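Only one chain is given next, in structure tokens, and it is the form predicted on its own.
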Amino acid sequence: MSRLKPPDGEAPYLTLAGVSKNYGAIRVLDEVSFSIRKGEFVCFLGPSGCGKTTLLRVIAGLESQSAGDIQQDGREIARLPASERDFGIVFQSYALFPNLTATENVGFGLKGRGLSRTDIARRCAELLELVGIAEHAAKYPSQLSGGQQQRVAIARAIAMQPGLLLLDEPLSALDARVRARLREEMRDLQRKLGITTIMVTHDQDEALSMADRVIVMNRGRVEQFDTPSTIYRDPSTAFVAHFVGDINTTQAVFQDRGQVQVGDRLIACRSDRSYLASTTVLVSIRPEEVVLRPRAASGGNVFSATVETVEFSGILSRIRLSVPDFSQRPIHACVLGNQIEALNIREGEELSVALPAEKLMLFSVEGDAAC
């Protein structure tokens, strides 16, 4: 079950209630509601066009909502212009001033605060030191790498000491190695500052590794709002299950609580929720939960399989299997390297596949809540 409110006793820092956004006849946001705790790091995760960036811009006041309310730290902000809201923002392009140095970019917003030049210079130096690029203070954006530009943009966003930090896919323009390193640095910085942070991303690895909680969006709606581990291990809809991580899925017919029919086989599954008998459902399992056994193993949830391909990827290998009694499409398993030798896993080899009942998840064909 998604948690839309903070735990009892914790007042929410940011609350959205029934927020919608229409562009003519097109509804981009559809009655979005959730609450975020103070100091929390939340990711908006979803495919392109799901409404996550529009939602971020509505929170910032850069877009006006068509309906709904927004409250930040006990203050209604839904009708306030962006200039009167308490946030800092980092755009996907960083939007640095090309004719200003790193120091001047960071201090740009401080000039209207009545601070002396000495105080502004001191504050900029502290922030550039905080984000790890003090030695590049006098450089212009064109002289900085993508990762360094991103650090300048973050320093500028937090220079005004905002209560809310908004990040619009800040890592998407970076190469994979730099992106992985900056994930850790950004998370460490956010924890050090204790600033409430919302980050938009379409990268599930970013969301799962950085966020305290993740909002998975689809077609302008919140599909699930929960911790990364819960979203991965207990997705509430078929969409979430397929969008976050890899998963094997086939159709089955629900028989009774804890049992479905796949082809001519009855197999056990998780029984969190009932469907009507004879209802067509989706039965799903993560690749790492598929158990490989020697050929001719037996059991209620054990199927004969043929190895189609073995894809080596370091510690884990990805195995594509033909399991005709379970699915007409190949299924995938992830196994440790030592299992490859122990089970003689080679292309064309036959073995058995066990699908643990407690790991099999059921979803309605329409993508409703898991059973």
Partner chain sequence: MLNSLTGHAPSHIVQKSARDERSLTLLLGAIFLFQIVTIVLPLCFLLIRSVQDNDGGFVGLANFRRFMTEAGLAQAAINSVFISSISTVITVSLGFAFAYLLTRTRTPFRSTFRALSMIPLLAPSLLPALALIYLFGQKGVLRDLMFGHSIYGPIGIVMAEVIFAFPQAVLILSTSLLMADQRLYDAALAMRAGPVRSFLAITLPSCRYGLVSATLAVFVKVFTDFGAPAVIGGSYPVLATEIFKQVIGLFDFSMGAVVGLCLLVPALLSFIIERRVLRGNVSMVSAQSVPLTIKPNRARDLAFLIFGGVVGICFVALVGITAFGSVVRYWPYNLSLTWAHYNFEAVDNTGLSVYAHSILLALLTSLFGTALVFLGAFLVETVRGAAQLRAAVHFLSMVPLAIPGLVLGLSYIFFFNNPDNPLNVVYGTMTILVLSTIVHFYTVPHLIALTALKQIDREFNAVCASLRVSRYRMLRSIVAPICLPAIVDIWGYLFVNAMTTVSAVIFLFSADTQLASITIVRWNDAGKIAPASAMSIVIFVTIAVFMLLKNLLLARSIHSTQQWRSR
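This one's a predicted model, so the numbers in the text were calculated from it and none came from an experiment. Numbering follows the first chain given and starts at 1.
As for the form predicted in complex with the partner chain, it is not shown, yet the points below apply to it.
Quiz item: Looking at 160-168, 266-274, 176-184, 231-239, which lies within 4.5 angstroms of the partner chain in the predicted complex, counting heavy atoms?
Solution: One stretch meets the cut-off, namely 160-168.
Practice problem: Please check if Asp212 has a heavy atom lying within 4.5 Å of any heavy atom of the partner chain in the predicted complex. | Solution: Output for Asp212 is no: heavy atoms all beyond 4.5 Å of the partner chain.
Quiz item: Is the gap between Met217 and the partner chain in the predicted complex 4.5 Å or less for some heavy atom pair?
Solution: Result no; Met217 lies far from the partner chain in the predicted complex.
Exercise. Give a yes/no on whether Gly300 approaches the partner chain to within 4.5 Å in the predicted complex, heavy atoms considered.
Key: Heavy-atom contact with the partner chain at 4.5 Å: absent for Gly300.
Quiz item: Does Gly109 reach the partner chain in the predicted complex, with heavy atoms at most 4.5 Å apart?
Solution: Yes.
Quiz item: Of Val291, Ala137, Val253, Leu193, which one comes within 4.5 Å of the partner chain in the predicted complex, counting heavy atoms only?
Solution: Partner contact (heavy atom, 4.5 Å) among the options: Leu193.
Quiz item: Which one of Ile77, Ala207, Leu96, Val262 is close to the partner chain in the predicted complex, taking close to mean a heavy atom within 4.5 Å?
Solution: Answer to the contact question: Leu96.
Self-check item: Contact test, all of Ile89, Glu126 and Arg156, partner the partner chain in the predicted complex, heavy atom 4.5 Å
Solution: Yes: each residue has a heavy atom within 4.5 Å of the partner.
Quiz item: Counting only heavy atoms, which residues in 22-42 are within 4.5 Å of the partner chain in the predicted complex?
Solution: Stretch hits: a single one, Lys38.
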